[in-house]
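Shown here is one chain on its own, the form predicted on its own, set out as structure tokens.
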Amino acid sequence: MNLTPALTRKLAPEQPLLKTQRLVLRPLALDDAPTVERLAGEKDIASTTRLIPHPYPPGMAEHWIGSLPELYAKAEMINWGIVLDGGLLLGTIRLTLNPVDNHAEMGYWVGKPYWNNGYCTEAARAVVGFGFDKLDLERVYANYMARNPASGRVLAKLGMIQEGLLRRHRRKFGRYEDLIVCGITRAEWQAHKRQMATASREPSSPASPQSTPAELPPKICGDDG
């Protein structure tokens, strides 16, 4: 009798590439370590994530990237580098898999020089779609610190809804942070895709003067991962 969870059996032997209009999501390589170390070394990146320290220790990126193939082989986690079509690494995104309950937690960060370009949303939409359409997940969820509403806007664009507030749940830089939990189910994702497809066929309306890019607050691309 095969007791291997169905999610584990759906993973390909080699981690797949995901492509969007502007991005390629690919496995990270050891050659990416200097770029990861440089981008993740920004205090503003570490400030809104759980696992990224500041200062960022030399050699940490190389050690972390070296551990990823085993995590994929064990069906524990899938990490992608977020790369512009020309090859420039912008950040990373992941799914932490739970084969027993058939769901996954998503986490991501994008380097500070690349904020305010929609890369977080574009990459996250591809990863959520992969989780539901290829792995047949029942649920995908993500967390973000309450003081980082930009990450919440990214999740809302994916159709995620706020499911809870964990008060003083994270300790970062000696400070306790409220954590907001958002999620989306497979049925909700399918409805969201239909809604997006319908919206894309409708004529666009003129932009409201109150929502011009110059008036929007700076976007911090990071989550609790």
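What you are looking at is a predicted structure, and each value in this text was computed from that prediction instead of being measured. The first residue of the shown sequence is 1; numbering continues from there.
There is also a form predicted together with a small molecule; it is not shown, and the following applies to it.
Contact annotation: Phe130 falls outside 4.5 Å of the small molecule in the model of the complex, judged by heavy atom distances.
The small molecule in the model of the complex comes within 4.5 Å of a heavy atom belonging to Ile45. Put simply, Lys134 is far from the small molecule in the model of the complex: not one heavy atom of it is within 4.5 Å. The closest heavy atom approach of Leu97 to the small molecule in the model of the complex falls outside 4.5 Å. Proximity of Thr35, Met60 and Ser67 to the small molecule in the model of the complex is absent: no residue of the three has a non-hydrogen atom within 4.5 angstroms.
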